[in-house]
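Let's start with one chain on its own, the form predicted on its own, as structure tokens.
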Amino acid sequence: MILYFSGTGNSLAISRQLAERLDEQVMPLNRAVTLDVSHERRVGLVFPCYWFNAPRAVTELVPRLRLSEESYVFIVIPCGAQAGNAIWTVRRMLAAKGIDVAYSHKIRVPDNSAVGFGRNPNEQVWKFDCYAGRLKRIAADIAAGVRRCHYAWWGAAGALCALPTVQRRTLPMFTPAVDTDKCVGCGLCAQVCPQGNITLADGKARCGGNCTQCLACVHFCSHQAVVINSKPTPKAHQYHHPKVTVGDMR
């Protein structure tokens, strides 16, 4: 079983590719916490790295997982460049539950947070071909039951970004808001939000206080009505994995 958390489809697509090679099934992490998956002999966690660490949604859900100490647990991080402390953080959480992570790795994908810096994630699609070989090797390692954790160390950058004072200053820069003048109330942003953080009121979308900065709403809004730091995202800069549809995210 491969459990994933995904905002723009990168983690979902990687999960599907691994599942195909490993003859596994995929399931959203937020659904898995409502089930008992302790009977699974192999459990994978696939999630992105945000701010040099695991997304808040992941760190809130992982402690609720019901896993077996006998399961072969692995972590794969799709990321723009660095895995940060994402693997280290989740390994510690699972260790506290008596669960050992047998294997971990990262694979580079287009960085959906690039729009926050004014860059175009679609200019990074070259990463798919460049890192296709690594994905095959990761799947082969997992199939063989290799026990080795790559990119699982603690890093100062991840620790710094996790400081409350730093987060209070930086996270608002990447927390979406709705431009009500542009919003047509289609509800698409609410449908793709993995946190259920967006609601409709009086024909307009509204962001709540449970955002994990995945930016799904920013990238999928067909009217560019969801802004970051008060700045709209050009349509040409909106990104989602080319093999993942809106329907897949619902």
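In this text, residue numbers run from 1 along the sequence as written. What you see is a predicted model, and the numbers here were worked out from it, not measured in a lab.
Omitted here: the form predicted in complex with a small molecule. The next part is about that form.
Residues within 4.5 angstroms of the small molecule in the predicted bound form, judged by any non-hydrogen atom, belong to 214 to 222 and to none of the other stretches in 35 to 43, 58 to 66, 182 to 190, 214 to 222. Contact check for Asn122: every heavy atom lies farther than 4.5 Å from the small molecule in the predicted bound form.
With a 4.5 Å cutoff on heavy atoms, Trp88 does not count as touching the small molecule in the predicted bound form; it lies far away. The small molecule in the predicted bound form is approached by Cys49, whose closest heavy atom lies within 4.5 angstroms of it.
Taking the partner from the other structure, the small molecule in the predicted bound form has no heavy atom within 4.5 Å of any heavy atom of Val73.
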